[in-house]
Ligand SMILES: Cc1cc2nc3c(=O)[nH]c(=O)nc-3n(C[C@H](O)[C@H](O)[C@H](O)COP(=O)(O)OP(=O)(O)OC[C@H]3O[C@@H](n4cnc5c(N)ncnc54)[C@H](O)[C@@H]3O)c2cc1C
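Just the one chain here, laid out as structure tokens, in the form predicted on its own.
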């Protein structure tokens, strides 16, 4: 373990400050020792892979950075009798290497990832994807180590993959510490010529449409539902835009990318441009762009992100919650036979709950309370605000209310994340 390691050259943005502590473990045992060190010394932990999807503050990271890299980059492909193959690989393996080696072995399914920077672990964390393919299409299980040093495995639907999210992104939102160790994937035998043709096609598209010759973190913003971030930015007149005196710029080649021209921009420069772009697009279109890149450390003028999580009291309140709202006083759709096995995301349940005046009053009061605490957090320089919305089982009322609250806050211009902790569990009664 080392102190004061500069992180600038360990990220694709080529900016950022030092880590207070830094280690690059080569095994699960060494990773467990790192997590134990962090716990004993009260340190926050940031797991760094290829550094391709993060922006690290110029002040660095005042905790322990665990770099998952070459020491945990194993790769093993086992052919199965049914024409498939099982691939087991370490989380530190570059995603491009994972995809390319699998394709070269004659198996299809990873072509989309042959041009995505970063590591396999990072790709799983954010469910990386391109050209119609995503990690969730091939990943069958993931092994990780938790803050207590216990090794766990998640598989199948429990991986909870969605657009740029996963079970692990959800753990991160809940403030839990963990490190992805290895991944298992299932791929299918393919035609070598067709596989090669797809890879060449995707490579050509990237080269022609993306600023690959400049430091960046790839797509800077998440794709809003029903829109494309790049088009919204372009329509707002921001193609090629840069703040005065800054080397951070909206790429003229692809508006969805913010680039660091000549590697001369500071992390604060990049952050300021992210905020400017998000605010301008919101003013022009009413759509709030949320960063796809992870913001690590302290940035001047940073507004706290509001993380909203629905849950069931039956399964426990999410750890680290700053506000907990209890919506069990609302009528329970569970007792309506036609709604019992639906969730708060389904229209019949939404219509049912929206039909009660009390629901709207409760949501409005909750939003006001969140805004008040958000202002306090902003003044205190805090980066994250965690809000938990609970009902009995986390299936109907909490899901509906959390979704409504998130929607209202986004409409007011706040940056909001939304997860549903217990929605995949069975609906339960009172």
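Positions refer to the first chain, counted from 1. As the structure is a prediction and not an experimental result, all values here were calculated from the model.
If you look for the form predicted together with this ligand, you will not find it shown, but the lines that follow are about it.
Partner-facing stretch of 392-400, 379-387, 57-65, 43-51, counted where any non-hydrogen atom is within 4.5 angstroms of this ligand in the predicted bound form: Selected range: 43-51.
Can residue 12 be called a contact residue for this ligand in the predicted bound form at 4.5 Å between heavy atoms? Heavy-atom contact with this ligand at 4.5 Å: present for residue 12.
Would residue 257 show up as a contact with this ligand in the predicted bound form if we use heavy atoms at 4.5 Å? Yes - in the predicted bound form, heavy atoms of residue 257 and this ligand come within 4.5 Å of each other.
Look up in the predicted bound form whether residue 119 has a non-hydrogen atom within 4.5 angstroms of this ligand, and give yes or no. Heavy-atom contact with this ligand at 4.5 Å: present for residue 119.
Heavy atoms within 4.5 Å of this ligand in the predicted bound form: does residue 178 have any? Looking in the predicted bound form, residue contacts with this ligand include residue 178, since a heavy atom lies within 4.5 Å.
Does each of 79, 103 and 190 have at least one heavy atom within 4.5 Å of this ligand in the predicted bound form? No: no residue has a heavy atom within 4.5 Å of the partner.
Proximity to this ligand in the predicted bound form, single hit among 246, 210, 141, 322 (heavy atom within 4.5 Å): Comparing distances to this ligand in the predicted bound form, the residue within 4.5 Å is 210.
Among the candidate residues 126, 265, 185, 274, which is the single one with a non-hydrogen atom no more than 4.5 Å from this ligand in the predicted bound form? Spelling it out, the residue with a heavy atom inside the cut-off is 126.
Pick out the residues of 83-113 whose heavy atoms come within 4.5 Å of this ligand in the predicted bound form. Just 91.
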